[in-house]
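This document opens with one chain alone, in structure tokens, the form predicted alone.
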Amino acid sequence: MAGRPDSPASHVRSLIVIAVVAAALVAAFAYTAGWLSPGRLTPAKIVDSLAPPGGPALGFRRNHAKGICFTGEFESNGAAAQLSKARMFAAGTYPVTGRFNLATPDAKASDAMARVRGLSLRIVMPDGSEWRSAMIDAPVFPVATPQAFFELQRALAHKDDPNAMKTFAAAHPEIGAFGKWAGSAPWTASYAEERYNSLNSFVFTNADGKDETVRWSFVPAATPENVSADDLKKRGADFLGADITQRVGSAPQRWSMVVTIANPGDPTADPSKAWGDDRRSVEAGMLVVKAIEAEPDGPCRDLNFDPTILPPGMRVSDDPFPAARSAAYSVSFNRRTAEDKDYPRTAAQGAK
């Protein structure tokens, strides 16, 4: 016979249920943190792997530590509304906060030494929804999975082992495409001359409920000026920041947002694989950078460009990287904000 709701036996059963639920939550949290499987990859391990030999730059982002903030607008032409019901694709103008940056954990790195340049954006819509994105100028990502990215960082850290990268490349041949780009693609003279690519795939859903898997790029209006690596070194350690500040001070700088739609069978889960140039694309509008902002205590200082912050009409795909990046960005954000006292507020440098 079942006990009365207020009987001692009923209270015991309730406590048992609560204990079981609590234990399950603790176990899930422990698994997520890696406590039950020390060898499992965790966000903290990814962030730790990015630190240079001398340790991280305290108070800065753990990667893309050097950069410069800006504000501006996204001018939507309405064309991408056929792909996504996200409010930012309805014709209109939407406020943007963003960051040009370098893929380095060294906040004092010379601009000429960082091969990969980045663009991070936050677009806020009238309904309060947001879209955040962090892109780079490479046409492909070096590796196919977050685990491979972690292993790449460990191989790069083994500078005393001349075979570390050879061993890694043999196990991850996909890095060859990125290596070819890094070794042969021309350098440009400005953040304003770069094309920035999402590389990760996302799913857009339009007002009729139709899904399309997409990637996007921001294509510069400025004509690229190709410069040799040696010539770049002569321009000073912070020439990119000085250049974009001068350009934006003279006139707004512009990029077209181009959304590329996957064909059936395209590798949507692997950012190390490019899609063909013949894919259907839609020009969604124009990013207009209107003002350069101070990096210390500016609008980017405490902004986390989490790629999983998406408005209705966008969602993550089967690509594992956005979730991994989101988790790692959170760890990085928590660490740098805890180091607020160490952040050099008078420094004219930025950081994703």
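Note that the coordinates shown come from a computational prediction; the quantities given were computed from them, not determined experimentally. Sequential numbering from 1, following the sequence displayed.
The next section is about a form of this same protein that is not shown, the form predicted together with protoporphyrin IX containing FE.
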### Query
Should the three residues 62, 141 and 149 be counted as contacting protoporphyrin IX containing FE in the predicted complex, with contact defined as a heavy atom within 4.5 Å for each?
yes
### Task
Given that the partner is absent here, state which listed stretch (156-164, 130-138, 221-229, 89-97) has heavy atoms within 4.5 Å of protoporphyrin IX containing FE in the predicted complex.
130-138
## Note on the structure
None of 188, 198, 268, 260 but one has a heavy atom within 4.5 Å of protoporphyrin IX containing FE in the predicted complex; the exception is 198
### Query
Is residue 84 close enough to protoporphyrin IX containing FE in the predicted complex to count, meaning some heavy atom within 4.5 Å?
no
### Query
So, in the predicted complex, is residue 286 in contact with protoporphyrin IX containing FE at a 4.5 angstroms heavy atom limit?
no
### Query
Does at least one non-hydrogen atom of residue 292 fall within 4.5 angstroms of protoporphyrin IX containing FE in the predicted complex?
no
### Query
Is there any non-hydrogen atom of residue 70 lying within 4.5 Å of protoporphyrin IX containing FE in the predicted complex?
no
#### Entry: protoporphyrin IX containing FE in the predicted complex - contacting residues of 291-311, heavy atom within 4.5 Å
303, 304, 305
